[in-house]
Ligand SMILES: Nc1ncnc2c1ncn2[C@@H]1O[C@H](COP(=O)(O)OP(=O)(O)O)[C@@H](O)[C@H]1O
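Only one chain comes next, encoded as structure tokens, the form predicted alone.
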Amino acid sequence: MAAVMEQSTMPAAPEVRIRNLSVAYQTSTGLFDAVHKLDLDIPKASITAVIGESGSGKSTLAMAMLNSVTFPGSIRSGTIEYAGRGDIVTFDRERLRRFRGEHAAMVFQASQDTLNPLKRVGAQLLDLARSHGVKDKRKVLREARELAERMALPADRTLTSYQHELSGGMRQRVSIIFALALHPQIVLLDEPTTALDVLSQSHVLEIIREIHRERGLTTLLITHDMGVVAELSDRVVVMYAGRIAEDAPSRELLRRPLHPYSQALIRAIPRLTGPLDDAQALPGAPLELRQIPKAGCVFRDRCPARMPVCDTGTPELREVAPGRRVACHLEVTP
């Protein structure tokens, strides 16, 4: 596992402040929270990783941060305040459109969903610049070429290609270029390297880190890969069933995870040396929305440290050290 970036254990002033956020989906059997009463501060100029199994609410959280949750989902409650820009939950359609792209942007896991199959990449970049009132559209193309070259893409060929003429890995890198094109200060990355091979993934992660530093970005990284967390992030938020299980500086969590779910995720990481069975898969399966209990700990059925209180008492997310929070009935100490 790569070394974690140097970091302070004390969080910086938040660029994004989320309070009491609940996002629900309407199903045939009722309304269920995919994100439940979540409180989170994302420090300015940091890389915050959000990690957890599929269905933990990571992508829903990222979509909510752009107020992009669509039917059958909806933001039921809460505020999402960006420093100096207000609560985006209250933005009207035009203000929200201007906010996206100019101030915050997202790289989606399914890169093909962000590209128009009927237009060349360069034409789509010009459309993006035009829709946001950018005067110097040629500058946008110049910077797109520079970013393409930094990510080992043939710039001219890439910008003159249609979506179907690019490989999955190329499309994924193009989606990163689109997200950075208008110089947003907040970038949300949803599994940005899943379509890439190992060497390409390492290269793209290095570029993301360089651009983050050069532009002083505030970055949220959605991932299931602890190696990516170790490589890139300053802080890590562990989510399970739409709740935060643990929130801590990356180095501290990777060295000594406190929540049983965090511990299980780290035990499941394969090692390059030692017996293969050292990596232990988590027992059971993540909860579906309709299975999430209304009371008690949502992780209790899979937890080796389960106690009677876990069945009835919902653990509060509490601060156990400066900048470190855990939601568990165990008396944990860093």
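In this text, residue numbers run from 1 along the sequence as written. Remember, predicted model here, so these are calculated numbers, not experimental data.
The protein also exists as the form predicted together with the named molecule; that form is not presented, and the subsequent description refers to it.
>> Taking 4.5 angstroms as the heavy atom distance cut-off, pick the stretch from 261-269, 26-34, 39-47, 301-309 that is near the named molecule in the model of the complex.
In response: Stretch with heavy atoms near the partner: 26-34.
> Is residue 68 one of the residues lying within 4.5 Å of the named molecule in the model of the complex, judged by heavy atom distances?
Replying inline: Output for residue 68 is no: heavy atoms all beyond 4.5 Å of the named molecule.
> Within a 4.5 Å heavy atom cut-off, is residue 280 in contact with the named molecule in the model of the complex?
Replying inline: Residue 280 lies outside the contact set for the named molecule.
>> Please determine whether residue 296 contacts the named molecule in the model of the complex, using a 4.5 Å cut-off between heavy atoms.
In response: No, residue 296 stays farther than 4.5 Å from the named molecule in the model of the complex.
> Any of the heavy atoms of residue 72 lying within 4.5 Å of the named molecule in the model of the complex?
Replying inline: Result yes; residue 72 sits at the interface with the named molecule in the model of the complex.
> Of 27-58, which residues get within 4.5 Å of the named molecule in the model of the complex if you count heavy atoms?
Replying inline: Residues within 4.5 Å: 27, 34, 53, 54, 55, 56, 57, 58.
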